[in-house]
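Below sits a lone chain in structure tokens, taken as the form predicted on its own.
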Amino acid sequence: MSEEHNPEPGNRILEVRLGATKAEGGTRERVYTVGGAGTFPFLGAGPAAGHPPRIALEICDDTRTWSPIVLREVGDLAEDTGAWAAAAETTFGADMVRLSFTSTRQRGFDDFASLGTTVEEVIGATKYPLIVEGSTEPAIDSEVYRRIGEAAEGERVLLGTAEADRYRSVAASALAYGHAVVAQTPIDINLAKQLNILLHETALPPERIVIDPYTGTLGYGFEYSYSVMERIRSVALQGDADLARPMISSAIDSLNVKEVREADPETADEVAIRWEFYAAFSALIAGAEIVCVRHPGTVALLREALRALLEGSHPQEEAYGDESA
């Protein structure tokens, strides 16, 4: 085995704590710590294994661009963001909810007050830590992230997404309101490191940064994403402090590929779930501490797979409960 695959003793992925209990100023009944591993995924036991990975179910506030397969599955829940978020935890079994503000991607968006209202609704409907994806438009980033950060103040959400050319607004909101940040770069280890350095220069602590190396879907570039994720983990365990961060993966294009869109209606759900599952499962093997999916049926498959992988490496109560308030 090459030196690259033999991490130095003591080198570990930083831990990032998500969610805040009432005692910490939040309302979460459960909080998670991600990261902490001193070895590659599912190869160690005890402290070297770090904390167990988490499964997030993604929901949105504007369904016009959402997968019709998912919308058929969730039915009327798609019309009530709070109810959809609650079902993600209680009915579908997700560890976390990822709230994506797709409304901000509509041309001419200016309803900033609605963002805070929706965040408050989702916070009130859920008990576990949250991921909130705000804007993809630099012109409105500042106001979008201010509203989201303020509405979620005290809850220690994972706020996304910071990118090399638009990270200051996200970092400013995280610093002002006590959140963590998703740092996304386009499948490149050097760019991932550079963005982390830029975020450090804003005074954002390293233990509040989660790397998103950008994950393609199976057959559409995922193999490149996988190799970059492995490389990030390898270099981090060799002592590169700028890359020693937990990773998040969201193969969100999985439900938009031709094979899913053109599937036979009678088997479309199964095809969608499998396509999404195999991308997310592979990301876990590559080192992702959080995987995000959209189809509720994918959550159960991932949960089953994780139970098998984690057996013997994590205490049962930590693997599936973790830090209840």
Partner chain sequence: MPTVTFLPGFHKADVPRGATILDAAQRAGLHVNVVCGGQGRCGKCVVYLKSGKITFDREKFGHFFTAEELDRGACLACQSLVRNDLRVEVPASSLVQEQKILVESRAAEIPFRPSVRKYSLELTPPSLTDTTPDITRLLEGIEAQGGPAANKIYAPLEVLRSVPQLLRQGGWRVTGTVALVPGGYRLIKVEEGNTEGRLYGAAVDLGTTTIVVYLWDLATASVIATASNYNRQIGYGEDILSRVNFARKNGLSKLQRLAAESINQALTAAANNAGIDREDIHEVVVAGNTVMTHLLLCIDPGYMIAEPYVPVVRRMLSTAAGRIGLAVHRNAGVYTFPAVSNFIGGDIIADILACGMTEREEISLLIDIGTNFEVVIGNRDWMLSCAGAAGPALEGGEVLFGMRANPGAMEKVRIDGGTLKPTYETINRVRPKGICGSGLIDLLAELIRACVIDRNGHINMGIRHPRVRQGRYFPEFVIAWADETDGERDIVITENDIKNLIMSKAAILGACMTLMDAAGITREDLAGIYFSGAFGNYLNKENAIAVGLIPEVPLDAVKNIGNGAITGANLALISRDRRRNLDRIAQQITYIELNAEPSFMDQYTSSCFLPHTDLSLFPGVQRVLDECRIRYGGAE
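Just so we're clear, the structure is a prediction, and the values are computed from it rather than from any experiment. Positions refer to the first chain, counted from 1.
A second form of this protein, the form predicted together with its partner chain, is not displayed here; the remarks below concern that form.
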Although its partner chain is absent from this view, report whether residue 231 comes within 4.5 Å of it in the predicted bound form, heavy atoms only. yes
Can you check whether residue 190 is within 4.5 Å of its partner chain in the predicted bound form, heavy atom basis? yes
Consider residue 139 of the chain shown here, and say whether it contacts its partner chain in the predicted bound form, taking contact as heavy atoms within 4.5 Å. no
Do residue 110 and its partner chain come within 4.5 Å of each other in the predicted bound form, heavy atoms counted? no
Only one of 241, 176, 71, 197 has a non-hydrogen atom within 4.5 angstroms of its partner chain in the predicted bound form; which is it? 197
Tell me which stretch of 85-93, 150-158, 182-190, 72-80 has a heavy atom within 4.5 angstroms of its partner chain in the predicted bound form. 182-190
Which residues, if any, of 148-165 lie within 4.5 Å of its partner chain in the predicted bound form when only heavy atoms count? 164, 165
